[in-house]
Every structure is written in C-alpha cells, then in structure tokens.
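Take a look at this one chain, the form predicted alone, written out in structure tokens.
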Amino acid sequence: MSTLHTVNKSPFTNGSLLSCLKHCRPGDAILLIEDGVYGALKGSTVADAVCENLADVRLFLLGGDVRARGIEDEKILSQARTVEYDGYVDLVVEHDRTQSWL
C-alpha cells in the first residue's frame, strides 16, 4: 500500500518534512504544497536529506505554489516534478492513502 504524503510547512520553520521523510516507504510520494515547496530548493539545509530519500520515493511540487513564491525552475531539485491541481488529484487517486504532515 502506497501513501501520498503532503507537506505544507516550510522546512526552515517546521520539522514536518524531515519527519515525513523518516516515515516514507518505497512506492510512496511526497507532494510539497504551500510553503512546503521550499523543501525542494537546491543547496538548502534540507536538500541532502530530501535527496537521500528519493531513490524509492517520488517528489512533487504544486506548480501554483511554486509560482506564487517566485521560485525559478533552476532553483528546484532536479528530482522534483511539478504538477498542477489535476496532477494533485491524480496522485491522490494513484495512492492507497494520503497523509498530511502539519
């Protein structure tokens, strides 16, 4: 059974993303939304921890939230894939359950 994990808090003010990474299993996916999208910034203090967990876990960002924060594509980890709201729905349908990290 796979899980879609959603993280909406910045990893620089909250430990949700790091906790989420510790609980992910192969086949799971992480969707960063709202301020959570900062967790996919290259060269950040959490970038190494995020990348270490992406061998068996996919990372997605909500495009509207990335654009709203003015984050340029070249500043995002190459392993991250941007999706729009229809992609968010697809991810929910694709996984057996959804876990929101607050």
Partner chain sequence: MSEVKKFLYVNRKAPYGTIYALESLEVVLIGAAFDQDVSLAFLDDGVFQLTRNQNTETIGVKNFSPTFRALGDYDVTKLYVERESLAERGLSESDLQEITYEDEDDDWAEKPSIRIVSRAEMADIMADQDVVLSF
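The structure presented is a predicted model; accordingly, all values stated were derived computationally and were not measured. Numbering follows the first chain given and starts at 1.
The form predicted in complex with its partner chain is left out here; the points below concern that form.
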Partner absent here, but in the predicted bound form, which of 73 to 81, 37 to 45, 22 to 30, 52 to 60 has residues with a heavy atom within 4.5 Å of its partner chain? 22 to 30
Is Ser10 part of the interface with its partner chain in the predicted bound form - any heavy atom within 4.5 Å? no
Pull the contact list for 76 to 92: residues with a heavy atom within 4.5 Å of its partner chain in the predicted bound form, in sequence order. none
